[in-house]
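We begin with a single chain expressed as structure tokens, specifically the form predicted on its own.
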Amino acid sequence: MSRPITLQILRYNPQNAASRPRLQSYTLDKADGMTLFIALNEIREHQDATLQFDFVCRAGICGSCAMMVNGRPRLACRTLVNELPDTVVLAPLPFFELIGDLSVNTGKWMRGMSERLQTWLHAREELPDLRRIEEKMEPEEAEAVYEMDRCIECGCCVAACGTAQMRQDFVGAVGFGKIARFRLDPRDTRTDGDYYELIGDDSGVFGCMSLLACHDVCPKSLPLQTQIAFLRRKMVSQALQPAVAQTAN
């Protein structure tokens, strides 16, 4: 027999001056294979057409359906209802601009972060040969680059980050992952000093409190803990180089 599940959803429309944050409860029956995404669609189609939430791919690739599920950032399309308790509290991701209900504008922040960190390939030639889409790369190098390229920019790591809650300019684990990706790419011409200029301050690696919630909640299981530790060691080494050189002189 199916069991009911109650979703208590934080409702608020910042575009409506009369709207006030409130929890609204919806009850429906659990079903085998039902994801939280499917449950939300059931509610919007049969109970409340005004409910706002985001989705695109429904396969854990686009990252748009990320939300707080009982206080933990998760992807709605990859969260099975049968794995949840009978009462679940849903809220939008913190840190990001709220659009309405469970919908937030992660894209605006992600774009600003990408422009700030210059997360594009800095090629050797100003006018690369477009007939060659890819340069030859060793399999080990390609695999390392691909590993960090799996980030879907869902915002879960930022939403779980203690530093991000205190610093709006903190680039977060997603930013560190982007930097790590281009450091690993042999086609990128930037040096460690160039990366230090981008993330070598309190809004970068030195603002990280090493709570590693980002590592715990990443839906793609990226090695964020390893990359953050590696970048911090490299940045410390880069920062100490002038002092070491001065002492040697």
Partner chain sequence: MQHIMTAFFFCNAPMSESLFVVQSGLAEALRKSRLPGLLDVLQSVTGLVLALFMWGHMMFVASILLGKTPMWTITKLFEGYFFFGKSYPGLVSCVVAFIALVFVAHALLAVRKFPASYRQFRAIRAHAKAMRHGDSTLWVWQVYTGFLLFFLASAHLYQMLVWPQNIGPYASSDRIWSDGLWPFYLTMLLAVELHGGIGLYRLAVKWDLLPASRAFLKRLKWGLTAFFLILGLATLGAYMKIGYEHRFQYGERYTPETLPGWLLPFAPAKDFSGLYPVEATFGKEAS
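Keep in mind that this is a model prediction, so the values were computed, not measured. Residue numbers count along the first chain shown, from 1.
Only in words, not in the display: the form predicted together with its partner chain, which the text now covers.
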Requested in this report: Indicate whether Gln24 is a 4.5 Å heavy atom neighbour of its partner chain in the model of the complex.
Outcome: no
Requested in this report: Check whether Ala39 has any heavy atom within 4.5 Å of a heavy atom of its partner chain in the model of the complex, and answer yes or no.
Outcome: no
Requested in this report: Report whether the minimum heavy atom distance between Arg20 and its partner chain in the model of the complex is within 4.5 Å.
Outcome: no
Query raised in the report: Closest heavy atom of Ala229 to its partner chain in the model of the complex, within 4.5 Å or not?
Result: yes
**Report entry** Sequence-ordered residues of 43-66 touching its partner chain in the model of the complex, heavy atom within 4.5 Å
**Finding:** none
